[in-house]
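Shown here is one chain on its own, the form predicted on its own, set out as structure tokens.
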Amino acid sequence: MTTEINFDGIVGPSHNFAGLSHGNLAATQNAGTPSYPRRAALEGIDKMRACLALGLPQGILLPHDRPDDRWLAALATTYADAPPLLRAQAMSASAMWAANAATVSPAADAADGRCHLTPANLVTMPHRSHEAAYTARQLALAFADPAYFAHHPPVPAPFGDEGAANHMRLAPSHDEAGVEVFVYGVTGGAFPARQSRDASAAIARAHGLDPARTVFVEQSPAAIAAGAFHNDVVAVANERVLFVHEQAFADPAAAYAAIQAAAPWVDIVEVPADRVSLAQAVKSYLFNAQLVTPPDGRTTLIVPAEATADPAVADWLTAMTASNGPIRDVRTVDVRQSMANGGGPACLRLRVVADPATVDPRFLVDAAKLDRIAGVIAQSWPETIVPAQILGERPDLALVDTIRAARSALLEALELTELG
């Protein structure tokens, strides 16, 4: 029963808009505005419900403990005494974007026949650089059986690794041997290129991938400069389909040729820049969508509401689905709070191809469990966080107590208190 399971990050109770992610246009443009953690988390739950309704298996990853006192201690300070910027970096809820949790290679691709996972080091951004250790703990618990899963340490600094957000997989079907595409950056003008080619190559070696079925592609500097801080803002793949913006890659012709040489059966759906500009792609998160295969076999694109609000993007989606091409259906979800902080539907999930029976069931959800999680969120998550509570001269320590109590309530409800 090997299948693809989407593991969504539950939006944590410390969700706030501190504008920490240089190069992420939405995050920086909304810096300093009030956030709504309860609303954000419930939007994420509703997105998971929509995926379940399509017949897709669904999993979860849990919020990290915030503020990260261990990280602050390593910097010889505490949350109460830290400068405002360090406070915000320690309080970040960015682990909600599970696409950055790890790079995952299914068993069918690996030489030893096991699913391989490498947590992302996220060293480019200080507020994310302290996520890897706790992410590794969760992954080791969720995918614990060494007969089916192999875990690797994060790639060492300074080689930046952003996880699945810069990694795509193509395959005739999820359970067959596929082609893994690693997208790295070299430059992005004023914005940093977050994924190192050396990190991608190290992961491919560690996962035991066949070089003939492994492709390395340079992300377009223009895309990075336009705000595509990860490849998944301009491209997404699923089974035989690659959905990509014309300006996603530095050398599109060479990239397509390399991908087609390794996967001659691939369907490349390229969106021309004269139909949807890079700016429109980044703002609408047309490509930061979940491209999935429901049980009925109709390849479906799950887009944020912002995608259909842009006339050019909406026109493209209408024409694409009417063309009888490989992408047959489009579904819309509301994840406005995540979008306001720079993460669309694709950012919120980590894809793992595995037999659900080999996964710790506490990390798998059905409708009833999502209702239970939503109940904890509705009761315990802060309704709003204003910037002064974190960035003010004196931090709001009562907010810290509320955030920690909310997370503890969730861990107890899910019987995952060992992750405390």
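A residue's number is simply how far along the shown sequence it sits, counting from 1. As the structure is a prediction and not an experimental result, all values here were calculated from the model.
Keep in mind that the form predicted in complex with a small molecule is not shown, yet the notes after this line are about it.
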query: 4.5 Å heavy atom contact, residue 97 and the small molecule in the predicted complex; finding: yes
query: Heavy atom of residue 11 within 4.5 Å of the small molecule in the predicted complex; finding: no
query: In the predicted complex, residue 343 touching the small molecule (heavy atom, 4.5 Å); finding: yes
query: Partner proximity in the predicted complex: residue 180 to the small molecule, non-hydrogen atom cutoff 4.5 Å; finding: no
query: Listed residue (168, 224, 303, 347) with a non-hydrogen atom within 4.5 angstroms of the small molecule in the predicted complex; finding: 347
query: Listed residue that, although the small molecule is not shown, lies within 4.5 Å of it in the predicted complex (heavy atoms), from 87, 283, 128, 207; finding: 128
query: Answer range among 226-234, 272-280, 254-262, 197-205 for contact with the small molecule, defined in the predicted complex as heavy atoms within 4.5 Å; finding: 226-234
